Ligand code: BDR
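Starting off, we have a lone chain in the form predicted alone, written out as structure tokens.
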Amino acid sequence: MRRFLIDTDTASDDATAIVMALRHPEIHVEALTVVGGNVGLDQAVQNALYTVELCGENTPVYAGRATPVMRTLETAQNIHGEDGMGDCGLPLHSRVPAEGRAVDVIVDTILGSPGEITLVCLGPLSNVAAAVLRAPEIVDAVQRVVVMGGTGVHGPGNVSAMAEFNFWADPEAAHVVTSSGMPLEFVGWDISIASAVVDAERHAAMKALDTEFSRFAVSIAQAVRRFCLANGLEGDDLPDPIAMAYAIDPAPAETQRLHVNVMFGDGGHRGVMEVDRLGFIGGEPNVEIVTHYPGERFFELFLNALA
């Protein structure tokens, strides 16, 4: 069994990515650590707890940072719905997270099993940056760090002309993590819109499964689906699930190792991934960037998890 630790700002696509991990026969999820991002922290915790319960698991869920490391939180509820799960009427309340702090759990889990933990980051990197600053030794102790973030290969951004939401929401945290020396693997939003769009045919395939999990995935994605269809995509895209697919099965991916810097501060450069393809910055390559993940393999993994 491979051991995953998932950091999430649980909204609709996070939830289906979590289902993929929890239901995969070769993956053991040590814990979910939750961060404010798509929705506020309390709602994200409830969404994570509901998803774990749906899967019939007892994976602990820990609350983490409610805000970015140096700024106030700006959510994506205009896209994911007020509850982050499409406002489809789920009972997303009254569940109680595990005792303990997410940042401590990240540190203790990685240092407790050096070289064994894959950290999968599905939201803003606020928890992870705080963990790196608290215990820099996790940089060398973690096996892999798969990050859904950025849009550094093909573009464009999904919250500004060039920035992806997770990095834009907490650019200072993204800068800390990218500069940390961790074994980083980035799956950007550009990979999602290239290979993980639920067009009409794939939407029909999801509905045809008619399982508890497929009905859940279809229902919670409706707000995002409406937004995407209104903005030129052929359906809702699944950035967190395709990052999870890559974490589970990286073999089909095409990647390129490059030097990356995430720009912070405000203005048009906020959260933008500066990718040095021609050596202008002069730094050593620090990120394995996924440049392609085949849609056929992604949807195979995704639909298998929902079956």
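Please read all numbers here as calculations on a predicted model, not as lab measurements. All residue numbers refer to positions in the sequence shown, first residue = 1.
The form predicted together with the ligand is left out here; the points below concern that form.
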| task | Heavy atom within 4.5 Å of the ligand in the model of the complex: which of A173, I220, A102, M148 fits that? Just give me the one. | result | M148
| Interface membership of F216, the ligand in the model of the complex, 4.5 Å heavy atom rule | no
| For P239, is any heavy atom within 4.5 Å of the ligand in the model of the complex, or not? | yes
| N38: touches the ligand in the model of the complex, heavy atom cutoff 4.5 angstroms | yes
| field | Proximity of N127 to the ligand in the model of the complex, heavy atoms at 4.5 Å | value | no
| said: To test your reading of this chain, name the stretch in 205 to 213, 127 to 135, 228 to 236, 164 to 172 whose heavy atoms come within 4.5 Å of the ligand in the model of the complex. | reply: 164 to 172
| Quick one: which residues from 7 to 24 get a non-hydrogen atom within 4.5 Å of the ligand in the model of the complex? | D9, D13, D14
